[in-house]
Structures are given as C-alpha cells and as structure tokens.
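Single chain ahead, by itself, as structure tokens, in the form predicted alone.
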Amino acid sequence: MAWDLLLWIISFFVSLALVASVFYQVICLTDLEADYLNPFETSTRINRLVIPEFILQGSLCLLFLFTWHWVFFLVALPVTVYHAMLYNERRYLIDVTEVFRAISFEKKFRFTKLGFYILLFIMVVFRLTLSAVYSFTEDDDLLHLF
C-alpha cells in the first residue's frame, strides 16, 4: 500500500506542475493582450514550457497505465494523444509573427487545458487523500507508535 501512496504523491506534484505551467501561459497571453509584454517575450516564455509540459503529461499518462489505474489513464489519454499529434505536425510552438492573430484561439486553448488539468488535479488529490487514509489506518503497528 505504500507504493500506492507514493504513486499518488508523485501524481500530485506532476499535476500541480501542469496546472502551474498552463496558468503561467495564460498569464503571459493576457499580458501580451494588455500590451505589458512584446510578442517575442511572450512566445519565448510560452515555447520554453511546451516541451516539458508534453513530457510531464505523457509521463503521467504512462504512470497511470503501468500502475493499472485505468480511469485516470483514460482521462489523461486524450490530451496526451492531442499533444503527440501537435508535436508530430510541428504545430506546438507559438509563432512570433502570428501571435496577435492567434491570441484568441491560444487563450481559449490554454483555458480549456487549465480546466482539464484542474479537474485531473482534483481527482488526484481525492485519491491521494484516500490512499493516505487507507495506508495509515491499515497498519495497526503504526497506530500504536503514537
């Protein structure tokens, strides 16, 4: 049962990093729209985070697959497949010259991903709590130590 708790702790931090990454991207796009950042800075900041986000999402999906958590795997799979499709078609980076033309789509896209990652984060926190309660109440020897 300790391995299950470790899985959910790792999933918690990975999903928290995904939420923070997409939230930062939304802030950068909002700052560009409000003219606080120029297009070069915005695209540089966002493009720097895209590949690590894809890697984290893919590793989280594979972690759920290898640990037989099918519901979480099936929830994470569509975004992972979409990220793979974007990467294969080379459409995952924001172009500096067309960032103003695509800002509405990019913001909607990032808000959708933010909602998905928040939903996944809530599911992971729920399972982390359940796993922690089960692992601490199952071991009677640990209860006698306190």
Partner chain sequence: MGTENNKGYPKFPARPAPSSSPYASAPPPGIPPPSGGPPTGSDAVGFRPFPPSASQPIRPFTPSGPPPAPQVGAMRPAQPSPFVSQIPGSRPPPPSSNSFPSTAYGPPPPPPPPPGAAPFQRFPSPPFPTTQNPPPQGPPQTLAGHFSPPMSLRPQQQPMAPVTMGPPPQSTTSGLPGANASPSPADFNMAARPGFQQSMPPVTPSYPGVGGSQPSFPGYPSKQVSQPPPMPFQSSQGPPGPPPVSSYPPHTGGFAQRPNIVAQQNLHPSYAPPTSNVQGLVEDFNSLSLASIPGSMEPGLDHRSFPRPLDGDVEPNSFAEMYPMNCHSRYLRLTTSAIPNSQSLASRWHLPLGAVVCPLAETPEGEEVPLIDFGSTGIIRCRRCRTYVNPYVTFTDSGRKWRCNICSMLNDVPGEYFSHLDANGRRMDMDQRPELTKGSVEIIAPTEYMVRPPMPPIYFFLIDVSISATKSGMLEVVAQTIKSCLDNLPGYPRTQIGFITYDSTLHFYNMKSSLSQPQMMVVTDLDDIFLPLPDDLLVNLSESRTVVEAFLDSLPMMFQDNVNVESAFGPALRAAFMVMNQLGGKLLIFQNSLPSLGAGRLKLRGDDPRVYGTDKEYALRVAEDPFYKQMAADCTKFQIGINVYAFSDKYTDIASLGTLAKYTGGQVYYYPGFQSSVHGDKLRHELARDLTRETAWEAVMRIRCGKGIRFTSYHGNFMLRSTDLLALPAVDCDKAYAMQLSLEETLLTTQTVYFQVALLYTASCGERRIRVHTSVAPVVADLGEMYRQADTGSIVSLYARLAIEKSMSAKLDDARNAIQQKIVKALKEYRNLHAVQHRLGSRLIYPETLKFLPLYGLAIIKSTPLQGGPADASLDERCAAGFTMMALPVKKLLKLLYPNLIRVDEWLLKPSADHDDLRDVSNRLPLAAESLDSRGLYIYDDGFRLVLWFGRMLSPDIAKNLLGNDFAAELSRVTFQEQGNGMSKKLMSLVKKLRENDPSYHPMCFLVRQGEQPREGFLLLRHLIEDQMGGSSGYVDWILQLQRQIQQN
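Numbering follows the first chain given and starts at 1. Please read all numbers here as calculations on a predicted model, not as lab measurements.
Omitted here: the form predicted in complex with the partner chain. The next part is about that form.
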{"item": "Contact stretch among 34-42, 50-58, 79-87, 112-120 - heavy atom within 4.5 Å of the partner chain in the model of the complex", "value": "34-42"}
{"item": "Selected contact from 100, 105, 66, 70, since only one has a non-hydrogen atom within 4.5 angstroms of the partner chain in the model of the complex", "value": "100"}
{"item": "The partner chain contact in the model of the complex: residue 96, any heavy atom under 4.5 Å", "value": "yes"}
{"item": "Contacts with the partner chain in the model of the complex - residues in 48-80 whose heavy atoms fall within 4.5 Å", "value": "none"}
